[in-house]
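First, one chain by itself in structure tokens, the form predicted on its own.
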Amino acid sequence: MVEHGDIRVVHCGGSKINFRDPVITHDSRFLLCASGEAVKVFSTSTEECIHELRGHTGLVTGVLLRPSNHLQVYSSSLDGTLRLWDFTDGILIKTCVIGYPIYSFYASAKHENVIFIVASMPSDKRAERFQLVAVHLPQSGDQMVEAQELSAVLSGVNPNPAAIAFGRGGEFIASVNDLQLEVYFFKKQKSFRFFLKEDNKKGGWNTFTCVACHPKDDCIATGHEDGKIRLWRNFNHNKEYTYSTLHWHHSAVSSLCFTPEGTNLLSGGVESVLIQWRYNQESERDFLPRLGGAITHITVSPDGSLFCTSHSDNKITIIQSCVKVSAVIQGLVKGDSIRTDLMMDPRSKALVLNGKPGHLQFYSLQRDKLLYNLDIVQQEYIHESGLQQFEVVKAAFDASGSWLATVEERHQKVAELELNLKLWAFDEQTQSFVLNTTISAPHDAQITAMCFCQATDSQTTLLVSTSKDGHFKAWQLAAPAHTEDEGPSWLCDFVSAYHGLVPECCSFSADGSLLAVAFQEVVTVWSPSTWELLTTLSQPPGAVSDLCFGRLSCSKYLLGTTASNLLCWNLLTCSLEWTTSMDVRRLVADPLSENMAAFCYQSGSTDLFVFKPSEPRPLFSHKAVCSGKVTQAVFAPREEMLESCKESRQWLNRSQLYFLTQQMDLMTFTTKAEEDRLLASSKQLVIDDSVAMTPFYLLLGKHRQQQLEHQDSDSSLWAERTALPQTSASMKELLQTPAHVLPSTSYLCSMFVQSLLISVSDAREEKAHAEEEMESEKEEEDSEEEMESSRSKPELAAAAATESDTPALTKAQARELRRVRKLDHSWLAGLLDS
């Protein structure tokens, strides 16, 4: 099996925006955050993503404003590079190759051309031992440079960015790890270490979680597991240090941040409350509650006007000076686990999965934006650990997207289970789903699987659910029994079991003529039209965990998975076609082709195999697509079909494969050609030099171009229009060069004014030339009048008759004709006589 290097696994669509601290620009207009392998630039006022900074080939691990230029940012990545960007224009300025994966990085105004990174160096004897390294950036004009000068600052540091902070503008650096606080002074080149006991007298845990330094005073704030905040002073001595304690949080403090002037300290944790402590007046504090999920990061704009909090539900909240929430940027919600499958809404083509507690989220992968949340449980969620509440565990769409089925459950006690099956109908007016039927206790035990009949030409809408109670049930949409009812409702149409075995999974064929239900080691095939058991399929020992019918030309095959085998039955012969030994954790079928994807787990990582049931060899294989297990996967139809000719890439032409890792990262596959196309589309359009590139032109230029194409090429309006002067060098510099790299204003103004002036000599020559033309035209008109007066009346009548038949001459043509009449043609007569 050959792996194809031109297909990469990337974070694309629905990536985490709360992975690292976001950055607010100096003018508070933009917010930048790491998202997968790109940096997203959001507007703080409209919440829209303006553009993405793409170029890294690994996960982006940090974004930082350049201290010497507030219009540029650095980004770090696990690909071992630092990149400098002009974020306003989305231009990559420089790439610095470090050579080691970068887990976090820092910068200070006092350390010019030096970036501090946290990396795992190969010289370390123990694995996962990280160092803080100073990288001296090469001063070269090349776009790609390699860092040669690296020097270690601290060893044994925590790779979490919240565990390291600069103090007093870069005079010292504070690092926390486990139960140790280390302060390193650059001028003295000396470090001091302070240790805490594992637990205090009151039973609290003293483990450090985060650190922040006061921008002006010698004060270090540290957060701890027990919710306490310690303010350290006199830390330039090992024995004379002191600290005071602040306590409000009941759980671990996840983030600390001082305001730019140092007047306030901000803290946040799992309570989703932003606390603002007055510096040196810690008894006075302000609260901003009910921000949603747990707070993971806190950022303040350089001018202190905006606060920004990142949350565990992949959300960023922008706050105006701890007073009110001004904007919310919501990414793909990712909780601790995804109970439902990854699904595609047939109508909106949105990715559907668990969202907020008790909700389903509809997320557009094309726009990379949350469309809306659908409240399934319809009960207030209480944020309290250990409290059992209703959770959405199953969901399924029918073929047209007109019906949505959901299952919610709650465990009150070990023996008690509350279960609800809800059917939702799509409402055309509200463009959302409305609850149609609620079935309490549809089964006596947990529902293991649920699927709709996906046949588009089916006369009835059918839903099948399987349960640990040993039964599977068929639910059918029935007409209303009374005319006064608002609409149809769902009823149970069929119930069946098989020798007391527990059904684990079920699947309909593409045309809806067959239903396969796996009862542990036995696969049963049923006819939905008569509910007759057609056949049972044998297989090697092991419970079948997943079933999937083939599609299109492979519709005669049925595939199943066990803990150690992938099986393929031929439904025409009712025999096992082929089998292979592999631990398939997820089997997904492409709805637009015969292709299937099997995610196999082995040796701590997951491998991918793409194949057709009719062929014994895989079309594509990829080793170790991620570490750990793949929990969910889905094929998403493409808006524009690709045109890959190679067999190894054809499975990506119609659909794109997404999968979810154990770390809740949404991953997908992309080709180099597709990446190049995305980069080309994100670049700015090239505009003709003769037209100024203004916002008004970008807005109306396309419409104006269409108008020009529809106009007649011989129109006098455009024929006589004076051409615009060609753009001078000064105009190009003014209109096309970024403002922060332009020359001085006095230099540009002088060039600009000179380009607008007309020289005196040119003006005099043009005036004299115009006077000569006017005199010659006057003489021609006088001679023409004399010739006209000498003509006889019959000649005038004949001329009039001739002119009525011929089209009128234009002014330029008449002038040229008069000049031809004045020419001396005597030389022609001499030639004729000879």
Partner chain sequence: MASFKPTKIQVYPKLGEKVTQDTLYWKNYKAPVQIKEFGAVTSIDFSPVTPHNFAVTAFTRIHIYGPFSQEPVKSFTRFKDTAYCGRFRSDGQLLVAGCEDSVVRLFDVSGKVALRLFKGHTKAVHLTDFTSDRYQILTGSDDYTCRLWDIPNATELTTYTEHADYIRCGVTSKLNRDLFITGSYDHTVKLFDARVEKSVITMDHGQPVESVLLYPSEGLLVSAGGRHVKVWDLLKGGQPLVSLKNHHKTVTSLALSSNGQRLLSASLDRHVKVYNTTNYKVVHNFDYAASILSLGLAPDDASIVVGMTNSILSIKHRKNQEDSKEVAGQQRRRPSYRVFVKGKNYVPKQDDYLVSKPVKEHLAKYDKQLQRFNVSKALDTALGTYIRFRKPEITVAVIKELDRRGTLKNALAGRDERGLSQLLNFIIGNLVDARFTPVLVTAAEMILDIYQSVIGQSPVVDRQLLRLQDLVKREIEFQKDLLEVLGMLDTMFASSLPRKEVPCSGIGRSNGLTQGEPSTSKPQLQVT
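Residue numbers count along the first chain shown, from 1. Nothing here was measured: the structure is a model prediction, and the numbers come from that model.
Keep in mind that the form predicted together with the partner chain is not shown, yet the notes after this line are about it.
Remark: residue 619 does not count among the residues lining the partner chain in the predicted bound form, judged by a heavy atom distance of 4.5 Å or less. The partner chain is not drawn, but in the predicted bound form it has a heavy atom within 4.5 Å of residue 289. In the predicted bound form, the partner chain sits within 4.5 Å of a heavy atom belonging to residue 492. Residue 389 belongs to the set of residues with a heavy atom inside 4.5 Å of the partner chain in the predicted bound form. Contact with the partner chain in the predicted bound form, judged by any heavy atom within 4.5 Å, is made by just one of 527, 379, 143, 400: 379. Put simply, of 359, 349, 216, 285 only one has a heavy atom within 4.5 Å of the partner chain in the predicted bound form, and it is 359. Of the candidate stretches 502-510, 515-523, 77-85, 150-158, only 515-523 contains residues with a heavy atom within 4.5 Å of the partner chain in the predicted bound form.
By the 4.5 Å heavy atom rule, the three marked residues 100, 134 and 263 all fail to count as contacting the partner chain in the predicted bound form. Contacts between stretch 524-560 and the partner chain, counted in the predicted bound form as any heavy atom lying within 4.5 Å, involve 526, 532, 533, 534, 535, 536, 537, 538, 539, 540, listed in sequence order. Cα of residue 291 to Cα of residue 434: at least 3 Å shorter in the predicted bound form than in the shown structure.
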